[in-house]
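Presented as structure tokens, the chain that follows is alone, the form predicted on its own.
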């Protein structure tokens, strides 16, 4: 039986919420929805937290001066504009207020509807997933077999989720914050749309100011934290969650998104130890990357898709995270490293031409062997087209240096970061389509959608709505602005 109750905020405002007999509950909080389900009221399981001034001050700071989902002018993070606040509101479920009665708690916006399973999400009779959160583990662990195939999206959507997670973590870390419990439970994803949202923000760590309250979730805790958990709290030898441990947790999640497996769960075992101690060794002191190129003891026998199948950037990041940085936190790639490397990988995406391929997309990093690693289909096109982006060297007019590239496919859109050398594909970038690619009778055309000053190889202006034929070795500019990129066309016969 449900009933309406009221939560009282710090300023005396009263918010209604629906009390139910069995509210969703986690290790730290239990949750009630508002009548219109636009927000949730969460009460802490430990009633003493409300009497702890440290906890109240920390959550007040998280809601206020550290909040990337609120503009600075309204009390949010420093330098945060309305546009940035709106963007990051889609990546975080950030607390917005403190509840002081009837219990201590917080108010958070509700997740968008696409982060809840519906009545058609399960593929097993009798399994009712309707209304359950789309936690990452549903899509990356063995329980994925219970989901309808329509829930899985494709490789492109999982790569997008990986980029967004890296961006969200980069935003937290740039403010000096650590999540402390990034895991398959605290990041919700929607592979159908390529969306993700980081939740359980109220446990954020501010190094040197607000220490961690949780150690993390099994499977995502950094090896140094697992290995030092034997020491008591307060012992200097005990490692605590921080930005460096977040980097391990984030890397595990990204690896799971891309490969549907855990990077440390292989065939290595220590049968002489009890199960719990064995788990601690496998995730702690003796943790070993299943794709470690120099030590194959933990490599599964059925490893088919490998880090090398996704190009140099993914391979380098994974080896840096799980070989160089696995037991040396200072060597782990940062969230920005992941964001930039994954975006460069995104520019090598290519649609698989096999309609039965479940991945639908793959990374075309090897022009000499353009084969989808999922279904092993070779692209039928006789041409592989790439754009090589060049920018003018400062102070050296007419001298250009390459700074990026992208693989071209039919109907591919071009955005500001393809056109202007000083724009990066991040939260600040304009996402309006400027031009697009069309393939017709084995010929490739660039269509001008809204670029002023777009010119062909021979210097002819290409008006909006018209196109230019792409030929191997051509050089042209989409924009005449000083920051406009010089694009070289490369067409390789496959």
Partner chain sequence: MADFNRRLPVYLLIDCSGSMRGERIEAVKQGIRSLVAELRSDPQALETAYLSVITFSSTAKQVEKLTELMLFEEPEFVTEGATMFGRALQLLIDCINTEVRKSTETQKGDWKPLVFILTDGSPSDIPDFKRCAEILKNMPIANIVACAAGADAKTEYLKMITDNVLMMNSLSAGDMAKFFAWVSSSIKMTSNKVDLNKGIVIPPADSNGFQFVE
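Positions refer to the first chain, counted from 1. Remember, it's a predicted structure, so these values are computed and weren't measured experimentally.
FYI, the form predicted in complex with the partner chain isn't displayed, but the following is about it.
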Given that the partner is absent here, state which listed stretch (296-304, 381-389, 156-164, 245-253) has heavy atoms within 4.5 Å of the partner chain in the model of the complex. 296-304
In the model of the complex, do 127, 181 and 276 all put a heavy atom within 4.5 Å of the partner chain? yes
Can you pick out, from 340, 137, 418, 170, the residue that has a heavy atom within 4.5 Å of the partner chain in the model of the complex? 137
Just to be sure I understand the contacts: of 344, 192, 285, 238, which is the one whose heavy atoms reach within 4.5 angstroms of the partner chain in the model of the complex? 238
Does the partner chain get within 4.5 angstroms of any non-hydrogen atom of residue 38 in the model of the complex? no
Verify the contact flag for residue 221: yes if a non-hydrogen atom of it lies within 4.5 Å of a non-hydrogen atom of the partner chain in the model of the complex, no if not. yes
Is residue 142 one of the residues lying within 4.5 Å of the partner chain in the model of the complex, judged by heavy atom distances? yes
Might residue 50 be said to contact the partner chain in the model of the complex, defining contact as any heavy atom within 4.5 Å? no
Within 4.5 Å of the partner chain in the model of the complex: residues from 246-280 (heavy atom criterion): 261, 265, 266, 267, 269, 271, 273, 274, 275, 276, 278, 279, 280
